[in-house]
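In the block that follows, a single chain appears as structure tokens, in the form predicted alone.
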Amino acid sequence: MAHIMGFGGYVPEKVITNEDWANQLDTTDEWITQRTGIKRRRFVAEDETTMTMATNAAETAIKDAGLTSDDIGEIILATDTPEMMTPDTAALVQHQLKCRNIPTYDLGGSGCAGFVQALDVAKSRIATRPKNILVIGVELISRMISLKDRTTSILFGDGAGAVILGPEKARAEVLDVVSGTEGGYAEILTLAAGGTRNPFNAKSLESGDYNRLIMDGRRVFIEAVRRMTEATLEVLERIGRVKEEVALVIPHQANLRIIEAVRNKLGFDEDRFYVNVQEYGNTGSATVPFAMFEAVNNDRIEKGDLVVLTAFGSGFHWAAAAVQF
């Protein structure tokens, strides 16, 4: 069994409002709000990086669990915006936390589904070798995409979320996780430059490909709604529970329209979905763990509650987890 012992989260102080975007791009607060539900998002300060955000969230989770860095046996970090190409960001976080010489690794390329997939990996690791595992979702998107493209730049923010997963009974049990991939849809959401197919060079710099996020909004919407809905029902079926027993769903915070479409398909009232996309925008793999951290601290989750985490991301990946508090 895998239990959540502590929760952590971090967002930068700098707030970017829709009015700020309206002063830079051909857009308005009304246009952004109607299409996304987003009002504000956070951007990092000059001295902040993926590693510093991840470390801040991790320190909060470790303290919340009543542990020290010496108690951590492994680190899994989900991100598509790493500190550098190599080594992985998890190694740098391990050093910052002053953990022992433990296994650490990044789970990259899963987009916004990364944290929930990382939970699945951590759960299986605990089953084979019991230990306390730090699981982090973190994205610093503001430095990776074009801030001149109004169709994508307005959607994103920076942030991090973390949990400590362990083998001993604690505050919540991860009952099961399901996930899937449809690689044939890779082209509908991609930042293609920087790999071996299209490396960073003078050509990609001149063309603007180096920070061009490609997103087919309509197809992403259709797939995201379908996959998150199906994954939610599948994970409930696997644990022998029904949707009426779910106290709260914490979905990936990509877009309010997507969240509401999933809620409507599941037939849930608004109060059974946790939504904070209006305050932080889409923080990628950080949205689910940060929203869970916030929900716990805002007393939106009580002892005995069954909570479902559900997410989708580039790849095209999706995942859902059932968590019993």
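The numbering used is simple: start at 1 and walk along the sequence shown. Here the structure is a predicted model, which is why all the values come from computation and not from measurement.
The form predicted together with a small molecule is left out here; the points below concern that form.
Contact annotation: of the candidates Ile250, Ile136, Leu119, Cys112, the single residue with a non-hydrogen atom within 4.5 angstroms of the small molecule in the predicted bound form is Cys112. Of the candidates Thr27, Asn276, Thr60, Ser69, Thr27 is the one whose heavy atoms come within 4.5 Å of the small molecule in the predicted bound form; the others do not. In plain terms, the part of the chain that comes close to the small molecule in the predicted bound form, with a heavy atom within 4.5 Å, is 252-260 out of 252-260, 291-299, 60-68, 39-47. Three-residue candidate spot Thr151, Leu189 and Arg218; every residue lies within 4.5 angstroms of the small molecule in the predicted bound form by at least one non-hydrogen atom.
The shortest heavy atom separation between Leu155 and the small molecule in the predicted bound form is within 4.5 Å. Contact check for Lys265: every heavy atom lies farther than 4.5 Å from the small molecule in the predicted bound form. At the 4.5 Å threshold, heavy atoms of Arg35 reach the small molecule in the predicted bound form. Contact annotation for Asn282: at least one heavy atom lies within 4.5 Å of the small molecule in the predicted bound form.
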